[in-house]
Ligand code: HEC
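Just the one chain here, laid out as C-alpha cells, in the form predicted on its own.
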Amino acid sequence: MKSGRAACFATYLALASTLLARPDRANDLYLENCASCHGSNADGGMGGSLSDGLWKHGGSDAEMARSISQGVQDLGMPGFEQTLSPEQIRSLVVFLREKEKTAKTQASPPPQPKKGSVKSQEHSYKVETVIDGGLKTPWSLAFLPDGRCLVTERPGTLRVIDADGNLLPEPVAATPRAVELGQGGMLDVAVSPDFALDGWIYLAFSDPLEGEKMRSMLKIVRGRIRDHAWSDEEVIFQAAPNFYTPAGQHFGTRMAFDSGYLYFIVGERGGKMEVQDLTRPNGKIYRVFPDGSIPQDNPFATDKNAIPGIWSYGHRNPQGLAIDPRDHAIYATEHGPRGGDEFNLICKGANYGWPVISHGMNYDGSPLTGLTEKEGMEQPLVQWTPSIAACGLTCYTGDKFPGWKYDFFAGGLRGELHRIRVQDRKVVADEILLSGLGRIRDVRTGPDGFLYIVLNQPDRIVRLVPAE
C-alpha cells in the first residue's frame, strides 16, 4: 500500500499527465485526426496542404466545418461527425485559420514601415515619431483645442504634450487613483465636444474598492485641469460595490461623443454569461448624457430588471469605439478569445452573443462553443481569425489623406493596423496598412489631419504623414 505522500505524488503525476495531454486541444485534435494525411504542420502529405488558403470544397468557415464533419468521400476523406463534437470541429477550423495566416504572412509579409515610405492601396505614407521615450505604457490619446495633447499611462497617470510637441515631465497632479491590476489602470481619456465652453475632460480607469485594493471595476469621471492639477471631479459612471472583482482582465474601455450623448464600454471582467444579464454592468456598451444622466429613449430605460444606461450587451472586451460622422452609426472593435476578434456595428438594444456564439476558441486550444451564429444575436461585420488583438479605433476625418476619408483604422496589440472601408454600413475593404512598429494601443485622427498611433513595446507615439 502506498504511503500518503507517494499516493499524493502519484495523483499529481496523473493529473499533470491529463492536463498536458488535453485531447480536446486543437493541436492534439489535428495531430490525432488530420496529420497522417495532411502533414504535422498542415502543409500537405498524402492529402493536400491545409495552410495554403486553397480550398477545393469551399473556404468559408461553415464549408470547412462541413468538410471535417461529413468528409469528402470521393477523395477518401472520412467524416468526423461521429467522433468529434461541433465544438471540437469549430476549434479545428480556428486552428487551420491560424496555420493559413502564418503561411500567408511568411509568403507575403505585411508592410513594415520602419524606414522610408510605404505604398498602400490608396496612399503612400511614412511614419514620423512624435514622442520617443518618457512614457510608460501609454494607453490613450486626446487632443485639446489649443494644440496640446493628453496621454494616459496605464500605471495611473495623465500626461500632457504641449503645443510644441514636448512631453511635460510631471504628470497632472491629483488625478483619481487607478489601480494597475492585470489589464487595468488609467485607461481612456476623452475631451468634451464643448471643451471651449465647459473645459470637461473625461477619464476611464480601474477603480479600487475602498479598503480592498485588489478588487476593482471600471469607473468614469470628468474633471478639469487647472494649474496642471485635476479639479472639479464629477462621477459619470460607477458600479455598485458588489460588482467589483479581483479579476484583472477585460476592462474594455473606450469613450466617444456624438449628437449630445456619451457612449462608453465596460468589458466583461471575466464574467462570461454575466454579460447576458441586464442587471449586471459588465460586457455592455452604454449611452448617457455627458453628465451621466440617462436618456429616456435608451432601450432599457424603463425596464426595472435592467441597468438603464445600457445601449447594447453580450460583449466580451471591446477596446475600440468610433462614430461615423456621415450617418452617426456606432462601430466597435472587440477582443475575441483565441480567434474571433470583431468589428461590429453597434445597434440599439442589440445582443452581440458572447459567450454563446463566438468565432474563436479558448486560449489553450480547447473548444469554447460550436455556435458562430444564433437567432437574436448580432454577427460582426468583420471577424479576424487569428486574432489581431483589436485595440483602438478611429474614423478618419482629416484632409491630408483624401483617399482615406471616412475609412476606419483599427489597431491591434499584435502590431497590425487595418484600414476598413464601410459603405452603407457594410465592410467593402479590409487592408493591413502596416505592422512591426509595436503593440498598437490607440489610433486617433489628429486635428492636423495626420493619423496618430499610440504604441507599447516600445512605448511611444507616432503618426502617419503623406510620403509626398
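Position 1 is the first residue in the sequence shown; the rest follow in order. Bear in mind that the values here come from a model prediction, so they are computed numbers and not experimental data.
From this point on, the text means the form predicted in complex with this ligand, which you will not see here.
For this session: Check, residue by residue, if 381, 414 and 433 all come within 4.5 Å of this ligand in the model of the complex, counting heavy atoms only.
Result: Contact check failed for every one of 381, 414 and 433.
Exercise. Among 443, 34, 420, 26, which has at least one heavy atom within 4.5 Å of this ligand in the model of the complex?
Worked result: By the 4.5 Å criterion, the partner-contacting residue is 34.
Exercise. If you check 168, 75, 196, 107 against this ligand in the model of the complex, which one has a heavy atom within 4.5 Å?
Worked result: So the residue touching this ligand in the model of the complex, by this definition, is 75.
Problem set entry | Location of this ligand contact in the model of the complex, chosen stretch of 293 to 301, 125 to 133, 92 to 100, 226 to 234 [non-hydrogen atom, 4.5 Å] | After filtering at 4.5 Å, what remains is 92 to 100.
Exercise. How about residue 46: is it within 4.5 Å of this ligand in the model of the complex, going by heavy atoms?
Worked result: Judged by the heavy-atom cut-off of 4.5 Å, residue 46 is in contact with this ligand in the model of the complex.
Problem set entry | Contact label in the model of the complex: residue 58 to this ligand, heavy atom within 4.5 Å | So residue 58 counts as contacting this ligand.
Exercise. Is there a non-hydrogen atom of residue 428 within 4.5 angstroms of a non-hydrogen atom of this ligand in the model of the complex?
Worked result: No.
Exercise. Is there a non-hydrogen atom of residue 243 within 4.5 angstroms of a non-hydrogen atom of this ligand in the model of the complex?
Worked result: Contact with this ligand, no.
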